[in-house]
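Just one chain follows, in the form predicted alone, and it is written as structure tokens.
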Amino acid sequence: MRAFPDAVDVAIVGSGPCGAAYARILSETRPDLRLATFEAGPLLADPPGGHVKNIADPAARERAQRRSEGPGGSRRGRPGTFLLGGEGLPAAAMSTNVGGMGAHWTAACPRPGDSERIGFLPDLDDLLDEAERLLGVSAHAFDDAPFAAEVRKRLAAAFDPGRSEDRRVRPMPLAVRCDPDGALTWSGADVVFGEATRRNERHTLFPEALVTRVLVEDGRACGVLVRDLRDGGEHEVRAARVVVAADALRTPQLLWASGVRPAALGRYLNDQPQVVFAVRLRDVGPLEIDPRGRSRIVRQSGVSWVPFTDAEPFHGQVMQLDASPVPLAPDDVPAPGSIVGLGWFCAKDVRAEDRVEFDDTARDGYGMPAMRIQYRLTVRDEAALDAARAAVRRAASALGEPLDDEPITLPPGASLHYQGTVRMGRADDGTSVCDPSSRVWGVEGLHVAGNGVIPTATACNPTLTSVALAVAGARRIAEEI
């Protein structure tokens, strides 16, 4: 039987990049504090929270992905995830493991721009800088990828005219380290935790420990109730501060189960409608080897970025596919990097009516209140998708020859970029769940974290922004406690 603490200074629920950011900032700035991170899922790797793509053995990687796919009976989504189910967001999926979705993500870390930015945060750029440090973000990991410069040159000619400097085509910032020998290490929550957290003897990570309730007394969070999934035992852990950093679906679920139910809880749910296409580059010659002598080129080689703008409210992620033979015609094997995937994400028309609801009479696989999604695309969303399809055709025309007749529109939920369900706001006016420091309105000592905190309609990948917001929340705790 494991020993759980009777009390800590800060209890963190969830071990993904945002929960890890709280643990890291507090370990660096307040090493005197007692910290505990509780994670419902299993430990997959050493160091804890590592990205499964760093597991070299394919069979071991598959086992790690399978262990992330929720309780028995869950339906598998993409590898490492399980489907929520339901009609509202049919492709909605989650992961349950140390590191959360940070063990499975594409590691894309673009900065928000124009109306994606949170206008009431004057220090947003400083917070984004810090998030890049925690995640280990680089814009140059694939500078030498085959044809990457040519891809960006062609995209820039098609999209850059009229754009501000910071919104022009560029390499995608990625949370990845490329070693001199060409080996790649993808950032998971392990990189965010960092050595400062791993060396902190006053921080403990508890895998397979499901927090079923935040304890609230006299309007203040005072601890958590934890179920040890290894033996079924329940433990009450008192805490001066509680941070709920599950995900955009399970963070509001836990608040609901705890009786913390502000009007905006679960509302303003937004996904990023997504269009994909693929092309073969025209007028490029064969390459015998990858410039760095890598044994293979991973699917993310040569990732380019067409940033969001208010005039073109979508975000383009352009990924050169790996060097595995893709016979397009008899005896036709494309050169490495010459097959390019185009993914265009749209900013959702954010509405309070789009929401995740909870049923106190039904339970999910973890015994928590069952979720039901209410969600639909509006006329504005359909218009945005039409514009995105036109833009992705324009990108395809600039690059080469399409491999399909038409772009494919993925089902709602496919982006895995759910946001807004515990959104921050300027004031406690019923349209937000937390303040600009991620403190839940009306409940002292309770913070929320993750993509659900983002209040704006974004098209860019949200992890960098949500980690930046977690930095602000952690700094506030460090000052106040």
Ligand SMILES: Cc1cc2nc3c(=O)[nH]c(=O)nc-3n(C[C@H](O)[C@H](O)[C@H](O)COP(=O)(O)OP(=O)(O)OC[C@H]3O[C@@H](n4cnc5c(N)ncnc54)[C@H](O)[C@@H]3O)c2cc1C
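Nothing here was measured: the structure is a model prediction, and the numbers come from that model. Each residue number is its position in the shown sequence, starting from 1.
Quick note: we don't show the form predicted together with the ligand, though the next part is all about it.
Relative to the ligand in the model of the complex, residues G16, T96 and A209 are all within 4.5 Å by at least one heavy atom. Annotated contact segment (heavy atom within 4.5 Å of the ligand in the model of the complex): 99 to 107, selected among 305 to 313, 99 to 107, 124 to 132, 155 to 163. Using a 4.5 angstroms threshold between heavy atoms, T81 counts as touching the ligand in the model of the complex.
For A40, a non-hydrogen atom is located within 4.5 Å of the ligand in the model of the complex, even though that partner is not displayed. Of the heavy atoms in V52, none are within 4.5 Å of the ligand in the model of the complex. Residue contact with the ligand in the model of the complex: R250 places a heavy atom within 4.5 Å of it. A heavy atom within 4.5 Å of the ligand in the model of the complex is found for one listed residue only; from L269, A92, C346, A245, this is A245. Residue in contact with the ligand in the model of the complex (any heavy atom within 4.5 Å), chosen from L35, L446, L416, C434: L416. Taking a 4.5 Å heavy atom cutoff to the ligand in the model of the complex, the contacting residues in 427 to 453 are G450, N451.
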